[in-house]
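There is one chain below, alone, in structure tokens, taken in the form predicted on its own.
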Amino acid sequence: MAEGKDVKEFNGRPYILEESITGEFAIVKAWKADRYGNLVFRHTAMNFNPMAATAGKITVAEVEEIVEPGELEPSQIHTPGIFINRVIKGSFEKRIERVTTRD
């Protein structure tokens, strides 16, 4: 498995060095962003979107809301704007279940 690859030893264990996975494009959905591309995710979007945003050569973020710079608390930001190339405000249909009863 390690034939032709760099092998480094750390704490007595050999490790094979591989290049990271990088895609041409990464498209992620976030809850909020500012004009500089700093992103805040909600709910299950926090599972893989922050990592996917850093793995693309060009990253496009579709967000529900774009706020002015400085409105997001630095501790809230999940992905810094240095990884984001474009921010697009999407239009989302919020489906809500309705309770129906008989007369």
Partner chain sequence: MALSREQVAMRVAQELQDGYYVNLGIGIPTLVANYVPDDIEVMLQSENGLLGMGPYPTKAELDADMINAGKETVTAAKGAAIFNSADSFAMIRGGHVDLTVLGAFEVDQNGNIASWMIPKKLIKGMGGAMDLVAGAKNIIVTMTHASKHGDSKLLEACSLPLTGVNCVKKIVTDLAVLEVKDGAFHLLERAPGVSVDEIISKTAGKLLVDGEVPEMVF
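Everything numeric here is computed off the predicted structure, so don't read it as measured data. Numbering follows the first chain given and starts at 1. Rigid core: the largest C-alpha set superposing within 1.5 Å between the two forms.
If you look for the form predicted together with its partner chain, you will not find it shown, but the lines that follow are about it.
Full three-residue contact with its partner chain in the predicted complex, heavy atom 4.5 Å, for Ser20, Gly23 and Glu68: Looking in the predicted complex, the three residues Ser20, Gly23 and Glu68 all stay beyond 4.5 Å of its partner chain (heavy atoms).
Residue (of Leu72, Ile27, Ala45, Ala55) lying close to its partner chain in the predicted complex, criterion heavy atoms within 4.5 Å: Contact residue from the list: Ala45.
Considering non-hydrogen atoms and a 4.5 Å limit, does its partner chain approach Arg13 in the predicted complex? Arg13: contacts its partner chain in the predicted complex.
Please check if Pro50 has a heavy atom lying within 4.5 Å of any heavy atom of its partner chain in the predicted complex. Yes - in the predicted complex, heavy atoms of Pro50 and its partner chain come within 4.5 Å of each other.
Considering only heavy atoms, tell me if Glu62 and its partner chain come within 4.5 Å of each other in the predicted complex. Looking in the predicted complex, residue contacts with its partner chain do not include Glu62, since no heavy atom lies within 4.5 Å.
Cα displacement of Glu24 between this form and the one not shown reaching 2 Å, rigid core superposed: The answer is no, as the C-alpha of Glu24 shifts between this form and the one not shown by less than 2 Å after core alignment.
Please state whether Pro14 has a C-alpha shift of 2 Å or more between this form and the one not shown, with the rigid core used for the fit. Yes, the C-alpha position differs by at least 2 Å between this form and the one not shown.
Arg86: Cα shift of 2 Å or greater between this form and the one not shown (core-aligned): No: Arg86 shifts by under 2 Å between this form and the one not shown.
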